[in-house]
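The chain below stands alone, shown as structure tokens; this is the form predicted alone.
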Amino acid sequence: MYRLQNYIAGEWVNGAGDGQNLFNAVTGEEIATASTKGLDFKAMTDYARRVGNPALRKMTFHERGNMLKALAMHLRKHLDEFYKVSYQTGATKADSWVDIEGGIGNLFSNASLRRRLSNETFIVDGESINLGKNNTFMGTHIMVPKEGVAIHINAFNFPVWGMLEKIAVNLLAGMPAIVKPATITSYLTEAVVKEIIASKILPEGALQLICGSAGDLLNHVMSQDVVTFTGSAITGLMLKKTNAILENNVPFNMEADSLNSIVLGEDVTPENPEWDIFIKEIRREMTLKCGQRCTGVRRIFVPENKIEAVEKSLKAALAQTVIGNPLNEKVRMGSLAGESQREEVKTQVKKLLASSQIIYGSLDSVQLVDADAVKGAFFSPILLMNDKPFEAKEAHEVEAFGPVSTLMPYKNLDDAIALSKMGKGSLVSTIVTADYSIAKKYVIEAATHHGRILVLNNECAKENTGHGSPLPMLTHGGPGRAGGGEEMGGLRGVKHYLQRTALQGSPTTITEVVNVYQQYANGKSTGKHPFEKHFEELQIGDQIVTEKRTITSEDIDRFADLSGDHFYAHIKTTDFTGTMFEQQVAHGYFIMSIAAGLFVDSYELNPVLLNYGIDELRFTKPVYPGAEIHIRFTCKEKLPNDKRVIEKPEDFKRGDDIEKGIVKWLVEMIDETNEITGVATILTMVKTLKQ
């Protein structure tokens, strides 16, 4: 019998003893054993902090992002291997796609965040703040990777996605991870980690894996560590109370199973497209992954005058679901993860039956294709009816983690909102409506109890990712019973693994520390125009101060005629009584255009390839005829620009063969009183010396 291995301190090792037996969820055959007995969990955490953490902290965000991208591309080459193992968990091809390719997609998505960050080992967080009248004292915030290890305790339902969506974030942040998947499906996690380690893309110590019990792992956490948990609220609460977590104030991010709801708007009738959208969404949520999703629909709220019609439609939709061996192409729903899970779901359904009745499905039988109901962990979709949702509390307190949902009526939208909140906090809620006022009321009033809300209608039906699909650029978590945590969320998720520190000093000092030019810092004059320098030659703070240009009334008139902008403030014959201006004022965009004319110094070809944007453009003081404008132009920030991956010759675009970087420039528009009239950041692409 194959023994799953643990990856500890750079080596694949077996746990002691017989271990826990693991079974094929479809056939019931024993496929592996898992054990962590005898492992030194303290040594694991020490190794991660001593070896993995320094290696990752030395890398910049761009290097870490490219590391994730390389890992994602590598794993995509082994999809067939992962799918073969995934079928043993009872997952269909569609289920496995969400788990495997969805997880890899998370790597790609988080890798792309590097483009929003400096090529540094830290983040400058938020806007800088001027703290002195004479512009010599300021403050900002930086965020640096914590010096500990991220410990991820994951659920059984997504053995690949659950791991990759978490490590993508901590690795990008610069922290190593110890992953503890749920034992029942850990054989799939092990298969993926084996390929990750074999790729040698991650630095040593960046990832460790334990397949089996977590033992006393959490007793060894320290203040620089982060713990995340996905699973039941009861288990999460127990882990959160670990003394070491409480004593060291260790961040604990919990994403717990919750009683998520879907609401049919009062405006929707069987004749509307939203009706079919509602029915299809429930069927998908009940049957995808055999209902084993922390975001699955558990409570269905329908206007009481439509409850019978919805019941009929749902029964018909569920009856079309082919259940059985996930290797069979006709099958649309596989099995639960194992026999123990099937018994758990049965137990929970029986609790729900205290106040509800089964209107579709059976606890004891299920019609299958190409499978044995005795050997495999198959389970019928169960649709329950609870006709008194405000009185019977079980539907709002008990979760059957399988293809089980409860249908309940509501009288009006206020009731629907109140019922959604009776779950005491959930990961997600969906409202299906074509009425924007209904959507707004539901979202604003229900948002306190939900981590995510999907407003679903015919406008977004084709492109929407579904009630149960968390996305890497959006937060995943929820209040109350759902755990109170937030996972993913783009840069929000990354910041869970960083320490934010307020930084104070002079603008020049802070510029030198963070390598991003701060307004009013000393500039660097080299006698060479910055546009004549290649990417590598430019230094942060390289600066020129231009000659002056006098603004005339005729300039303003000509710009108005050229642009078509004849706003009253730009017309010299305007009576300016009661306005904010004293006389004819120059267009802000005219001043910005003049700025470009002043700081662009050469008609000759130079390393600057193009100007592709303006950020943070502000006009801070009116410019009247007679004003003398000059520009202070400073190299603010430099960012790498990865070459586009060209898979086919026909995809080649002009310029793809040019090595280049992104340079941000601070443009300050200054008048004859030495006051700033406008400020902006422009972005250019600049050639590198290496071509």
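One rule holds for the numbers: they count along the sequence shown, beginning at 1. These figures come from a predicted structure and were not determined experimentally.
Beyond the structure shown, there is the form predicted in complex with a small molecule, which is absent from this document and is the topic of what follows.
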Checklist entry - Is there any non-hydrogen atom of Thr183 lying within 4.5 Å of the small molecule in the model of the complex? => result yes
Checklist entry - Taking 4.5 angstroms as the cut-off for heavy atoms, does Thr230 touch the small molecule in the model of the complex? => result yes
Checklist entry - in the model of the complex, does Leu239 have a heavy atom within 4.5 Å of the small molecule? => result yes
Checklist entry - Applying a 4.5 Å heavy atom distance criterion, does Thr321 contact the small molecule in the model of the complex? => result no
Checklist entry - Only one of 195-203, 406-414, 529-537, 254-262 gets a heavy atom within 4.5 Å of the small molecule in the model of the complex; which is it? => result 254-262
Checklist outcome for this item: The one residue among Arg114, His476, His396, His496 placing a heavy atom within 4.5 Å of the small molecule in the model of the complex is His476
Item to check | Heavy atom within 4.5 Å of the small molecule in the model of the complex - the one residue of Gly468, Gly212, Pro507, Pro145 that qualifies | outcome: Gly212
